[in-house]
Structure formats: C-alpha cells, structure tokens
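Given as structure tokens, the chain that follows is alone and in the form predicted on its own.
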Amino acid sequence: MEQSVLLTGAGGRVGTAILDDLAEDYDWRLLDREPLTGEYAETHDSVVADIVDETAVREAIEGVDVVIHLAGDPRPEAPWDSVLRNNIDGTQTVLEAAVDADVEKVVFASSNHAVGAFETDERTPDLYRVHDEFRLDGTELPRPGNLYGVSKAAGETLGRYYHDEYGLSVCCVRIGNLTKDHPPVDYERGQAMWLSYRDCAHLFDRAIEADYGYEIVYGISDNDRKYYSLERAREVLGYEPRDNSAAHE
C-alpha cells in the first residue's frame, strides 16, 4: 500500500524537484498558501492554507503517514517578523499537529544557511575547492549566517524536542544549492553545495522510506568540491547521489 505524504510548500522549487520524480510513488496531499496550478494540482489532493493556520494544518495532516515540511519564507534576507511567523511558528504548528495525528515521521527542509557562518573570511574561498578537507557532518552546532538561518536552526531544535518528548521521527535536511540541469556557473560556493533535482528527489524518497530517530543530514549531490559530508545521509538513509558538479565544469 502506498504511503500517504503531506507535502507543505508544494509549489516551490524543492517541492517541484520532489514531485518531478516521485509523483507516482506516493499518495500525495499537496499544501501551499497559493492555489497550485499544473499537472500535480490536477492529479493530487491539494490544500490551500497558511502554514500557521492551526485548524487548516490539522485537517491537512489527518490520516497521512509522513510529512515533508518545506513551507516557509525562503528568502535569505527575510526579516525577523516573517521568519518568526512563517518558519518558526509554522514549523511548530506542523510538528504539534503531526504528533496529535500519530504521523510516523516528519522530514524538515532545513538549509545551508543554518551553518553559513562557518564560511569565514579566513576559510574561504579554499573551503569551496577540491583540495580542502574541511567537512561539516551535522554533529556541529548551528552557526547561522542570517535570520533565515536562525529560523532553520530553530526548526531543527523543534524537531529534536518533538522527537525526544513524543518519539516522532524527524530528519532535518540542510539543503544546499538546488538548481535544475546544471550547477551555478562561475560560482564556487554554489558548485560546492550543488544539489541536482534528481538527487533532491532521491534524498527525500530515502527520508520517507528509511528508519531513524532524529537526524541532521546534508542535501547536496556527490560533488568533488564539497564541505558538507554525505556520510550520515548515506549511512542512515541509504542516499546514493548520482550527480557531481565537476561533470559540468
């Protein structure tokens, strides 16, 4: 029997990458604050709701097995009032509803911005190059580079709380630079943290299927240039990325 999955923020880039590969693999319920258009809206159950609308979120989450939580303000320069409402309050609303609805697991879209301040002037640009062996592996404390990153670190901590307090399985994916077809041109940082659309879909597929308690993993392709470790994603989720930004240089 197909697992049922609620996908919040379904109309964004990450949601599109997931659905492009996995639309037929699960029983999807798609939630976005704006009405969805296109084939996925026509072939799947769609809900128009604000992520901080507790009643609407609870109705959307009822009866699903897994939640992939992407919704929020994605702007790195987003102001505090927006990230507090959309990213922190919205994530808490989803996690609380997931516990009450006996959802098995929540996959939370975190971000490279939760650890952006590791990229110091002293460490870059060598950090983005093949010869540099520095790696972040998910065990380090957050080090946000902006208020958006603060909100993603807060979401990770909320996930930790709901796992420890209620036994909810939570996987936080620190997503890199998601672009379709090829990595950014002439942008070393983007190449080092590139995530292809098909690797993105595969990673979230594994997060739906794997067994875990609480995890933080990095969402990038298997780039020669990298300063995020993929070992935890491989070990715990069975992630096997197929793409590499070096193939496009």
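Counting begins at 1, following the sequence as shown. Bear in mind the structure is a predicted one, so any value in this text is a computation, not a measurement.
One more form of this protein, predicted together with a further copy of the same chain, exists but is not displayed; see below.
Residue heavy atoms within 4.5 Å of a further copy of the same chain in the predicted bound form occur in exactly one stretch of 151-159, 128-136, 104-112, 67-75, and that stretch is 151-159.
When a further copy of the same chain is considered in the predicted bound form, Asp100 lies well away from it, no heavy atom lying within 4.5 Å. Contact annotation: Glu165 falls within 4.5 Å of a further copy of the same chain in the predicted bound form, judged by heavy atom distances. At a distance threshold of 4.5 angstroms between non-hydrogen atoms, Leu31 is out of contact with a further copy of the same chain in the predicted bound form. a further copy of the same chain is not shown here, but in the predicted bound form it comes within 4.5 Å of a heavy atom of Glu140.
Every member of the trio Ile88, Ala117 and Ile216 reaches a further copy of the same chain in the predicted bound form with some non-hydrogen atom inside 4.5 Å.
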